[in-house]
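Take a look at this one chain, the form predicted on its own, written out in structure tokens.
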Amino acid sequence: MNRGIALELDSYRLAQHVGHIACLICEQGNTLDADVCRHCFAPMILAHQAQSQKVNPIIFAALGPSGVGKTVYLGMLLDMMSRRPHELQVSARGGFSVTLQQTTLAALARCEFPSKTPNEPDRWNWAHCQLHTPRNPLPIELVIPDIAGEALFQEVDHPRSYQVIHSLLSRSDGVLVLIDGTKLQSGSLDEDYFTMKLLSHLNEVGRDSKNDRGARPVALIFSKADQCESCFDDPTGYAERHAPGLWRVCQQRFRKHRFFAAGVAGACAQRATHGGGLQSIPLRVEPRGIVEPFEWLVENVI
């Protein structure tokens, strides 16, 4: 007589995953074993970490068009904040939260800029960190994603085309908006128009009591300011002269806003690509004005 063999029923295995956990970004339910949210494709590790701490982290959104330097700025910011010995400090939660600063600094060390952020949300760099401030004895949870500029452009033109971006803008506690200072200096109005559209869209989402339309602090950063020194002298005056539409929108719709200037590469050069175009390369790394916008945002949120 053959000895019986115990087989686990498929229904029993499925019963182990009937529990649900809400996505941290869109707050929709997902199974406990899901890697990404089935609604917005945000990584579910953020929700599991938040659940383990029993606290919802604050969310900062870094916004700007493709090529403005969001990845470079965020990577340098996180690296500098993680190395500070005193005052405001940042420490990563989980190995995935170190990827952004690692890839950014590795690219700069090779005299290159990081690759363009893919449009797929599950391929973005999501940084989940802890803020350590002198005023708070306990660390504060913080999430900052590196949003693709092209995906953001589509969401602004066609709202809800990217559910993850819509939910991020609705839930964000503070916003970092990057604007290419060199393009404004050259007379291009594209940056002014896009940022006006972006801020108008931002003003339409997150109308609940937590995120009142004009209450969220907005730090506007002129990136690549090392190539236009006048940005550092007077960022607000620079905005009024070169981006009057943007300056006026901020005055009228956002009670808490401030202009900043930041640069990562002390000098850049151009080299020809195989396709016949020109590619910008950093000759040296001289971060300047990186931490100040973030510190101002933290002071106005916490």
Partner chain sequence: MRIPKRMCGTLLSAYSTACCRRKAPAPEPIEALPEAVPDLPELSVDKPLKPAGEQSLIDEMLSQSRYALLLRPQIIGNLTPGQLIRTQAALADGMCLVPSGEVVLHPSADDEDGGNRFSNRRTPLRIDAYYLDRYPATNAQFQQFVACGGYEQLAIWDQEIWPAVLDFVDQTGHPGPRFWRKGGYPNGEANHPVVGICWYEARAYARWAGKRLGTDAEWVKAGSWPVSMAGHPLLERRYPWGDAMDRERANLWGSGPGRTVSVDQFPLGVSVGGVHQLIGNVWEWTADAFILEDAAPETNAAPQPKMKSVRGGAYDTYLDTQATCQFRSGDYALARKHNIGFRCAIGMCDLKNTDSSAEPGHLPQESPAIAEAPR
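Positions refer to the first chain, counted from 1. Owing to the predicted nature of the structure, the values given are computational and were not obtained by experimental measurement.
Another form exists, predicted in complex with its partner chain; not displayed. Remarks below refer to it.
Site annotation in the model of the complex: the residue of L199, L184, L108, V205 reaching within 4.5 Å of its partner chain with a heavy atom is L108. Though its partner chain is absent from this view, in the model of the complex it lies within 4.5 Å of a heavy atom of just one residue from D173, D146, D226, D192, which is D226. Here the chain stands by itself, but in the model of the complex one stretch of 47-55, 61-69, 248-256, 267-275, 267-275, has heavy atoms within 4.5 Å of its partner chain. Contact annotation: R84 falls within 4.5 Å of its partner chain in the model of the complex, judged by heavy atom distances. In the model of the complex, its partner chain sits beyond 4.5 Å of every heavy atom of E141.
Using a 4.5 angstroms limit between non-hydrogen atoms, P287 touches its partner chain in the model of the complex. In the model of the complex, its partner chain lies farther than 4.5 Å from every heavy atom of L88.
Every residue of the trio M76, D79 and L283 has some heavy atom no more than 4.5 Å from its partner chain in the model of the complex.
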